[in-house]
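Listed next as structure tokens is one chain, alone, in the form predicted alone.
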């Protein structure tokens, strides 16, 4: 047991980090490994790979993800901002490189190969973007010479334009919604509320009009007879087949026919094999993480930390809701992973980075330390 009297970086971290939130994230990570064993073997066999290929890779990705999360949680708010700036610059450079040189998959260039690894740079941009937006809005609130709102809008434009060019409409909408929530919490006027609502409506209408894959997805959602709804139909059927308690581990059939059973539709595989009860438990775990994060954000007295925590937990919660909603056909398919559950190295590591940032900005700090940071911030 770590003593409160011990003065070391680890003891300071141990007694200030939110251990409940950290433990819950650990449970989700372990659940991801178990569910990968349920959903990924048929996909691997169809591709001619070893049965547990994706499980082994998920474990390999999990090791650096955990290390990155813990290292990030040790950072002070100042170093969180610096780390986010570095990640954002590198991530956006790779997003542009993916547009120019990346491999096209399903009509989009979202992936780039580096040193034999396939990376989705936009995943890493998201948590860094939230930190930088929180930085701009909070600094604008305490410094009159800082055009925080203008910088926030500039940051949004620099982020979403390359995402639209990939195109990645799902990630674009996710980033824009989280940014809008942060701007609202930072204290925007009614004019900006109406402007954002109007802009969102225009963006959705424009995407529907000019992006064929968006048009097809919305049309299939509104009228299932207008296109291929194979994955969604089978996902819905898996909930009915699994019932409350499921067919049992390894007894599901939907994973044998769904090409994305280990990623976008892992929640449907869970429902068929383990039942709706376990799905509700997973939903409660996500809900607990979101509510815990929001509570920690509300208690934080420092504007930057409060905004950053709110933005990061909103990003996490929205991505979770979108994935589960797609699985039960409440919204059109988005191609978004279920945090810490779905297979994917870029998603897992970027989510761990975001959670590390969240743990860092919500660590308990003394009031004297808080005012010292405010003074230092006004001097910069």
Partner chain sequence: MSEPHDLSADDRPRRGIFRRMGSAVVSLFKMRIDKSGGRVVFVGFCFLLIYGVIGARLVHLGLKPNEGQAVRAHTQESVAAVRPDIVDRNGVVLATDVKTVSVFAEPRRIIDKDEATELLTAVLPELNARELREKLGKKNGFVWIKREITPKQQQEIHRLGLPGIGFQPEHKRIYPNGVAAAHILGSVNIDNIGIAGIEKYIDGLGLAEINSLGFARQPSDIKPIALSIDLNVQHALRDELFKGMEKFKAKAAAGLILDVNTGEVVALASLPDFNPNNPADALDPNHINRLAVGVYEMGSTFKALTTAMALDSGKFNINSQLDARSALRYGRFKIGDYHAQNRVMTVPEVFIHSSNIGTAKMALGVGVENHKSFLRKMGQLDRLRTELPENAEPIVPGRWGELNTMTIAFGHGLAVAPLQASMAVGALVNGGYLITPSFLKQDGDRRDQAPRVIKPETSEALRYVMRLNGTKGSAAKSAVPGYFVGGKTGTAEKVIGGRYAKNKLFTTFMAIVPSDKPRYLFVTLLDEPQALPETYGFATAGWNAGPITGKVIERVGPLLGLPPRFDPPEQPFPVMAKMNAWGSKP
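What you are looking at is a predicted structure, and each value in this text was computed from that prediction instead of being measured. Residue numbers count along the first chain shown, from 1.
Quick note: we don't show the form predicted together with its partner chain, though the next part is all about it.
Comment: 327-335 is the region of 327-335, 341-349, 51-59, 34-42 lying near its partner chain in the predicted complex, near meaning a non-hydrogen atom within 4.5 Å. Although the partner is absent from the chain shown here, none of 110, 118 and 203 has a heavy atom within 4.5 Å of its partner chain in the predicted complex.
With a 4.5 Å cutoff on heavy atoms, residue 318 counts as touching its partner chain in the predicted complex.
In the predicted complex, its partner chain lies farther than 4.5 Å from every heavy atom of residue 166. Interface residue remark: residue 215 is not counted as part of the site for its partner chain in the predicted complex, having no heavy atom within 4.5 Å. Its partner chain is not drawn, but in the predicted complex it has a heavy atom within 4.5 Å of residue 279.
This chain lacks the partner; the member of 73, 241, 172, 263 within 4.5 angstroms of its partner chain in the predicted complex by a non-hydrogen atom is 241.
This chain lacks the partner; the member of 92, 176, 132, 186 within 4.5 angstroms of its partner chain in the predicted complex by a non-hydrogen atom is 186. Interface residues of 271-305, taken as those with a heavy atom within 4.5 Å of its partner chain in the predicted complex (partner not displayed): 276, 279, 280, 283, 286, 287, 290, 291, 294, 297, 298, 303, in sequence order.
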